[in-house]
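A lone chain, given as structure tokens: the form predicted alone.
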């Protein structure tokens, strides 16, 4: 799989990432998923402290499981760029205060069993946190060697810019919006345009709209277009939908989170799907975006 750099950093990752928001099962089962993704070139492994069991006691479950996988095979850590997030607290719901972000990062390091997190992201904006305080905390974690690069998730372009201003010369490497053929907002709200202007890498969460695109739970015209292209390309509907994300000039990296090994392998085939400009715009129009 081809690689690309995360923002202006030195981190190189595959064009598709593997997400752990639904990572579950025993260590051997989870390890098989992570190894399959890595073997296919999905070298960015993305998780968060909130992922895992949805009950309150499950906070950190996905990180803990991934930590056990890394402990079982120490060689896996060297094969991946490890990303996680902090800032969501059930019942609050968002906290990017200095004390909380510091504690969240430390807790993630412990659960993952690593000395450093390659990419640490603020999971969602805390509207009660001043960007200067958030930036100071992130820089403190970076200067302490606990994280290598910084990113944000679910940030508007304006909030991204405000945080970046207070980070000074330390550039945010990534921004993580929801993006799929059923969620087109980042194309028009300035998220992808801002990423291109500032050399920030977009990481797209839910690029298959929670699996709805793959199962056909989408506008009939879109499903028909996807299936026509899938037949032409000898690919799956999901692979074509991922190829649509990959085709954007912002260099978007879709994060797939399937728990089935065959679907992880299928996702990797998206890099071989060729979509012309006509194909891309036809899919976009079928998804409901008006074109002039």
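This structure is a prediction, so every number in the text was calculated from the model and none was measured. Residue numbers count along the first chain shown, from 1.
From this point on, the text means the form predicted together with a small molecule, which you will not see here.
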Can you check 206-214, 69-77, 94-102, 135-143 and let me know which stretch has heavy atoms within 4.5 Å of the small molecule in the model of the complex? 206-214
Checked 148, 160, 123, 111 for heavy atoms within 4.5 Å of the small molecule in the model of the complex; positive is 123
Just one of 62, 252, 240, 256 has a heavy atom within 4.5 angstroms of the small molecule in the model of the complex, so which one? 256
Classify residue 191 as contacting or not contacting the small molecule in the model of the complex by the rule of any non-hydrogen atom within 4.5 angstroms, answering yes or no. no
May I ask you to state whether residue 281 is within 4.5 Å of the small molecule in the model of the complex, using heavy atom distances? no
How about residue 16: is it within 4.5 Å of the small molecule in the model of the complex, going by heavy atoms? no
In the model of the complex, residue 153 touching the small molecule (heavy atom, 4.5 Å): yes
